[in-house]
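This document starts with one chain, in the form predicted alone, laid out as structure tokens.
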Amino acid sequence: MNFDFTDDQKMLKETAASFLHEHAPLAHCRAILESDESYSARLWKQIAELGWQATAIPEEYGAAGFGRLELAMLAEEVGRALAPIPFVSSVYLATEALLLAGSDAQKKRWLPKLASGDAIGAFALAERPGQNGYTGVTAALDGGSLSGVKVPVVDGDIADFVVVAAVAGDGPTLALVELPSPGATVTRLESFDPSRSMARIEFSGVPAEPLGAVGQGRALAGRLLDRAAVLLAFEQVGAATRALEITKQYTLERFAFGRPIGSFQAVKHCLADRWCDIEIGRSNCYYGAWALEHDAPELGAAACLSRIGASEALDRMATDMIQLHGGVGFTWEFDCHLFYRRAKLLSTMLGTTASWKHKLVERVSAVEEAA
């Protein structure tokens, strides 16, 4: 059995890394963070010309028609660059929601626009900070009209449409709402990571259409989050790897007591521990990518493992990055806080690490009981 990537896949990853190195240095992320812009429209257009948004969209909708494995490889490079673009919301969530449950008409209308980068999508689940799942959702879909409040909605202020978790007469459902729309009030929120925007969206009798079967919203949302969790985990691994590389280089250049601080045992042990965290997370991500690519029964558990391993790896690396840089690590001028901000944001998207651990226990227990 061959566990290596194909030559074409390796070329795709190398090309993506080279492009982002040239067009999306960390200075670009910082520029968006320090501006009033919600995202980098220039970078979004450039990657659309390369077909990144279209990676996993079928060819019948005018897209690339590759697979989730190729998309995962791109996600890792997007994470390495801390790219200030709505890749998670539009590609991992909105696009996957349409592929998973969209009608033919919905797919024909939105997928070509998503593939070309002309439309940005978002997913609205939470109705309060700290909400990790469908429990507590009160937004109501009644006769094609949606009412309720969603907060926070990542990239909700720039979205052309949003997939909303709601309840209807027949039970939980997903609804598709075009933005802007009469009755929809979008308010941009302050974010811990200003290079990624968030919004509060209030729906007051907004026209909406069901996405998928009414009453199946909870199950569809669960499957959607599993898919997105694997792809988001690759972003986290990419960011953690870049943070480790930067920190390692700094410890080799920073001298104390006449020698590089990277030669001190405590520093070496810390970096070695973080390397282990990242490689464990990467291994879990590869398992998740395989399960996602083949829509395997193991996807539920694999998504949990990917999410947990990658989140913990990036959280720990971002924290130690600041510590190992010493006093300058806490300053605005150094890039450490860019990784720390992104780590904290990504660790709460799609649910906290603790909630994914809880899911993993439930899913493994269910398999054991069934056996």
Partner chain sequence: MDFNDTPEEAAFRKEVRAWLEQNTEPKNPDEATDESSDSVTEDDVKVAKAWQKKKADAGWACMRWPKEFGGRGATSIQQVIWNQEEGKRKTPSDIFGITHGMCGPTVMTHGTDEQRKQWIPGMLTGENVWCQLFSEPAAGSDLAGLRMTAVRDGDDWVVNGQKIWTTGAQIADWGILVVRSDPNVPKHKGLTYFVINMHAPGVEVRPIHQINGGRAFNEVFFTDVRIPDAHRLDDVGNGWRVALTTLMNERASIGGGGGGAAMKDLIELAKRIEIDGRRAIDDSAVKERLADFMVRARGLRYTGLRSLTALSHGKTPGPEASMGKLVGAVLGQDMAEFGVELQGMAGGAYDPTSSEDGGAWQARFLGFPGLRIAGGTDEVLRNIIAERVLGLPPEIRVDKTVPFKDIPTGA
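Quantities reported herein were computed from a predicted structural model and do not represent experimental measurements. Numbering follows the first chain given and starts at 1.
Same protein, other form: the form predicted together with its partner chain, not shown, and the subject of what follows.
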Are 152, 193 and 205 jointly within 4.5 Å of its partner chain in the predicted bound form, each by at least one heavy atom?
no
Contact residue in the predicted bound form, chosen from 106, 216, 284, 132 - any heavy atom within 4.5 Å of its partner chain
284
Of 147, 263, 116, 185, which residue is found within 4.5 angstroms of its partner chain in the predicted bound form when only non-hydrogen atoms are counted?
263
Report yes if any heavy atom of residue 252 sits within 4.5 Å of a heavy atom of its partner chain in the predicted bound form; otherwise report no.
yes
So in the predicted bound form, is its partner chain close enough to residue 11 to count as touching (4.5 Å, heavy atoms)?
no
Are any of the heavy atoms in residue 128 no more than 4.5 Å from a heavy atom of its partner chain in the predicted bound form?
no
With a 4.5 Å heavy atom cut-off, would you call residue 279 a contact of its partner chain in the predicted bound form?
yes
Location of its partner chain contact in the predicted bound form, chosen stretch of 171 to 179, 90 to 98, 253 to 261, 207 to 215 [non-hydrogen atom, 4.5 Å]:
253 to 261
Who in 347 to 369 is close to its partner chain in the predicted bound form, meaning a heavy atom within 4.5 Å?
354, 357, 358, 360, 361, 362, 364, 365, 368, 369
